[in-house]
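Encoded as C-alpha cells, the following chain is the form predicted on its own, with no partner shown.
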C-alpha cells in the first residue's frame, strides 16, 4: 500500500489511533494527488475534533492563570500607589537611640549606617573591638547631624545570659538615664550541614548564637521598657513607639535540607516574635488603664531575608552541601546595603513580617499561618503562596530523593 510521508507519520502516533481508524484506506495502486489531499483533510478534521476538548481545557486554564496574574498585578499596583500617596512614617528614628547587635559588619553595619543617615543615635554591639572601632567610624561618617548625634560601641559576647542586662544598663546610662528606643537584633552566623553529619556542639552553638542571643536581648529590653510610669507622672499617649526587631530567615517559612543546625534556631526566633507580638498588646492596652503603665507603646517586627552577601557568606558557601546549593539555586543573595534599605522602608511602612524579595514574599505567603497580616499585600501573598507551595514542596522532596539515588549515601551528604 503506497502511503505518503504525512500519513505514515500520523499512523505512528499512538494517541491518534482511533482517529486514523476512522479514515478510509486508500485504494491499491498509485494514489492520486486529489485522494491524498482528501485523506489529509479527513485526518485533520478528525484530529481537530479529538484535540478540541483538551485545547479548550488548556485555553481555559491559561486564561484563568492570566486573569489571576493580571488581578494580582492590578491590586499590587493600586496598593503601591495608594500607599505612596498616604504614606506615614511609622519608624522615625531622628534623635532616637538605636542599639544594633552584630553592628560591626554585614547587615548590622548597613542598618546602623543608614539609620545614622536618618538622624539616629547609634550603639553597635559585637565582640571584636577592632571591627567595632572601624565600623563606628563608618557609621559616624554617615550621620545626618554629626554635631548632635551620638555614637558608641560595646564589646560583649551575646551568647552569655549576663551580657544583655549589662548592655541595656550601659546604654541607659549613656542615653541620659533613658533606655534605647529601638533594639535591632542582627547578630548571628550560619553553619550549614546535614543533621546527622553535624556535631552536637555545632547544633547547640547555632541555637546559642542565633536564638538565645536575641532572646536574652529581648528579655532584658522588655524588662526596661515595661517599667511603669510612677504615680503622679502623666503618661504621654502620643509618645513614639519603641521597636524590638528580630532578624530571622526565610528558612523559618520552609526549611531547606543542609541547614539543619540553622533552620530550627530561625524557626524558634519566628515563634518568639509571634508570641511577643501578642503579649505586647497586653502592655500597650495597659497604657490606657488609669493605673501606671509603660511609657510608650511597643512594636515587634520580624525580618526574613534570603541570602545576604555578608563577610561570613563565603565561608558559608564552603561548608554548604551541594544539594543545598541546588535547592536554593533560584535565590539571588542581596547586598547588605540594598537589603537594609528595603528593611527600613518596610519598617517605616509599619510592617510586622518583613521580606525583601519576590521569593521571600511568596514564602511568607504560604507560611503566614496565625501570624499578623499588615496591609492587603500580606493577604494577597497568602493566597498566591498557598497555591505555589503545592508545587514547590513536592519538588523539594523529589529533588532530595533523586539526589540520594544518584549520589549514594556517602556522596549525598
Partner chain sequence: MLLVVFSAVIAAIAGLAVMGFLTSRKQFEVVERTVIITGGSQGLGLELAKQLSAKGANIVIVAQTVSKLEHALESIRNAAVRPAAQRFMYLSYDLRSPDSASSILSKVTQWNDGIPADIVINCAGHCIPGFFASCTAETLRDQMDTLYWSCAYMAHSTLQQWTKPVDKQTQKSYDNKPRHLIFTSSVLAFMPLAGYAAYNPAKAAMRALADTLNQEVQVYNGTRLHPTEAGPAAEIKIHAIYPGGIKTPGFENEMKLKPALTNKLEEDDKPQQPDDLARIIIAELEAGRYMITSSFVSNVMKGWAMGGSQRTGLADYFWNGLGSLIVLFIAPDFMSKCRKWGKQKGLQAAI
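Numbering follows the first chain given and starts at 1. Just so you know, these numbers come straight off a predicted model, no measurement behind them.
Below, we turn to the form predicted in complex with its partner chain, even though it does not appear here.
Residue contact with its partner chain in the model of the complex: residue 263 places a heavy atom within 4.5 Å of it. When contacts are judged by a 4.5 Å heavy atom cut-off, residue 257 counts as touching its partner chain in the model of the complex. Among heavy atoms of residue 293, some come within 4.5 Å of its partner chain in the model of the complex. Among heavy atoms of residue 316, none comes within 4.5 Å of its partner chain in the model of the complex. Only one segment in the set 167 to 175, 123 to 131, 207 to 215, 89 to 97 has residues whose heavy atoms sit within 4.5 Å of its partner chain in the model of the complex; it is 207 to 215. The partner is absent here; in the model of the complex, the one residue of 145, 141, 332, 275 having a heavy atom within 4.5 Å of its partner chain is 275.
Contacts between stretch 346 to 371 and its partner chain, counted in the model of the complex as any heavy atom lying within 4.5 Å, involve 366, 369, 370, 371, listed in sequence order.
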